[in-house]
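Given as structure tokens, the chain that follows is alone and in the form predicted on its own.
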């Protein structure tokens, strides 16, 4: 009963921030729909993926999980169990498990490691327990660990429905990885872990006086950006992505307590992207962290990367295209 899976991180273009206040918070049902890009790193050493192995066996006396060699405890382990426990119930199996997971990119740095992590965990768990579920159902269970993991189940560009129940809050693919030309040059400003996790921040979003306005605008943005994707309008995709990022961070900064994920150099880089745009079309999107995803057409990615690599406050860059979906692998970590 051992299985392994690989999943890629997912950057929200129309952001997910804040849980629905009318539903059980443990379900991770969002306050609005969102749209994301599942990312494939284009260098051999950083593919922006999580590789997870899980084994269920009666030889294990307790559940255990490690991420990048560190044993998970407390809230981190609770989130793993939120995915695994309901799947064990469906399978009718009470065996304990051992889980090992590795990221090939910085963890908890605003690069969506939880999205790939819980997508890989869900795929591996479903296979390890021998359960037959649709991608829609797998997406819903991945959401229990991390909302954005619902999107990382799929490749390409992905739409996540808010829904009004566990079964109706799931993600679907808008288009595959070869059906829309877009790259992200990720500028790493700071590799360290953020002090406040996204999981904590989602709880306080509603305390911002601007949250309701952001939610209302996001509903329209999600529909508009899907239309732009399907009509190959990169300019609209980029503009909406940049707007959605700003709106989310306004809510973060005005919540109680306020959250400041940006570093001073984050703002410097956003302003640089705006200055470049007349001659090189690119847009800045920042998740819950200091690092900046610079969206562009693939043919402009390496020119943009060269500019960012020559910027003294950028530690490193990662060029990413559109990835395929989560999948099983025969390569086990233990």
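Positions refer to the first chain, counted from 1. Just so it is clear, the model here is predicted, and its values are computed rather than measured.
Although it is not shown, the form predicted together with a small molecule is what the next lines describe.
Asks: Can you work out whether the small molecule is within 4.5 angstroms of a heavy atom in all three of 12, 16 and 202 in the predicted bound form?
Replies: Yes: each residue has a heavy atom within 4.5 Å of the partner.
Asks: Pick from 114, 101, 218, 183: which has a non-hydrogen atom within 4.5 Å of the small molecule in the predicted bound form?
Replies: That would be 114.
Asks: Using a 4.5 Å heavy atom cut-off, which residue among 248, 121, 225, 140 comes into contact with the small molecule in the predicted bound form?
Replies: Exactly one listed residue reaches within 4.5 Å, namely 248.
Asks: How about residue 288 - does it come within 4.5 Å of the small molecule in the predicted bound form, if we only consider non-hydrogen atoms?
Replies: Output for residue 288 is yes: heavy atoms within 4.5 Å of the small molecule.
Asks: Report whether the minimum heavy atom distance between residue 146 and the small molecule in the predicted bound form is within 4.5 Å.
Replies: Flag for residue 146 set to yes.
Asks: For residue 169, is any heavy atom within 4.5 Å of the small molecule in the predicted bound form, or not?
Replies: Outside the cut-off, so no.
Asks: I'd like to know if residue 198 sits close to the small molecule in the predicted bound form, meaning any non-hydrogen atom pair within 4.5 angstroms.
Replies: Yes, contact at 4.5 Å.
Asks: Taking the partner as it appears in the predicted bound form, which of 280-288, 297-305, 62-70, 263-271 has residues with heavy atoms within 4.5 Å of the small molecule?
Replies: Stretch 280-288 is the one.
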